[in-house]
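This document opens with one chain alone, in structure tokens, the form predicted alone.
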């Protein structure tokens, strides 16, 4: 098991190194003069040249990359061109907001999708399976912004029970104050994934229930409940749990459309705003933070998969 973890950690570090180089190179080749972005169009060429010299914009690309990545590892993300302020506190605050939103969505996704998939798999070809399959297909077919608009229309405009605006006030999330604002964006993100995970769980459950060892357990006279709970679920949940863990990165850094729709200040909307305004340090810091989350979530997925399937870690 230790060798498996060390092997995964080595792969994770190599992946982050390669992706950090790609992010930096792609950001630096954008035809934007950072000094012009900071000082504005009214600045003189002499002032822009002096600032470029001071901030190292005219240094070789490998030197600038090494300076950036070493500062990033130490927690120094630089300063935003647009705001003229340190990036690290802003990224940390937006990341905290995204983590709260992702946790809220997972509280919906995990029990609902797994339960629906198991019920559909145990009732293959019957009316529960047909209803769940049609519902999950609709969930997969609707884009996230359409799902969000539907939820806003129903719960904010018609029923008037939940706010459509999920903007936050203050530096920290107060669940007593902001809890209701998390419901609609979390439900939107959850509904986008529930259908997909439920269908994967259904297929996995059907395959496991048709396997020889399950038939052997049934022929031995074990109760159906015992066969399902003790023998089938462990193997049937391997695939959906692996998918859920790999989707954590999307729930944290990829909800750009949902955050924009509900005016929620998360990491995805921060990255989108930085990209629109060519704020290169903010783009690099946000993208690298998202990559760290992606790689960590993949590591968690591998560990969970190996815990459920010992053949993976022993191979």
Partner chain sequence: MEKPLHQPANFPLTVIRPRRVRIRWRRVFRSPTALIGAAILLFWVVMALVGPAIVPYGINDSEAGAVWKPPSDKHILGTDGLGRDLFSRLVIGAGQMVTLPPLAVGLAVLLGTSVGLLAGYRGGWFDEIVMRLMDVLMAFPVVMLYLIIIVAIGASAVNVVVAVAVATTPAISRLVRGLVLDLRNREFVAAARMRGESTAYILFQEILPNAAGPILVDGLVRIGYATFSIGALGFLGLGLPPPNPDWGRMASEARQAIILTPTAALFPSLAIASIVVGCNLLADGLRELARSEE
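The structure displayed is predicted, hence computed values, not measured ones. Positions refer to the first chain, counted from 1.
Not pictured, yet referred to below: the form predicted in complex with its partner chain.
Next item on the list: Work out which of 150, 131, 73, 233 lies within 4.5 Å of its partner chain in the model of the complex, going by heavy atoms.
Entry: Answer to the contact question: 150.
Check: Is there a heavy atom of residue 18 lying 4.5 Å or less from a heavy atom of its partner chain in the model of the complex?
Finding: Answer yes; at least one heavy atom of residue 18 falls within 4.5 Å of its partner chain in the model of the complex.
Note to self: Check residue 143 for me: does it contact its partner chain in the model of the complex (non-hydrogen atoms, 4.5 angstroms)?
What the structure shows: Within the cut-off, so yes.
Check: So, in the model of the complex, is residue 157 in contact with its partner chain at a 4.5 angstroms heavy atom limit?
Finding: Output for residue 157 is yes: heavy atoms within 4.5 Å of its partner chain.
Note to self: Would you classify residue 271 as touching its partner chain in the model of the complex, given a 4.5 Å non-hydrogen atom cut-off?
What the structure shows: Yes, residue 271 sits close enough to its partner chain in the model of the complex that at least one of its heavy atoms falls within 4.5 Å.
Check: So, 26, 164 and 287: all three within 4.5 Å of its partner chain in the model of the complex by heavy atoms, or not?
Finding: Contact check passed for all of 26, 164 and 287.
Check: Which one of these stretches, 204-212, 114-122, 91-99, 132-140, sits within 4.5 Å of its partner chain in the model of the complex when only heavy atoms are counted?
Finding: Selected stretch: 132-140.
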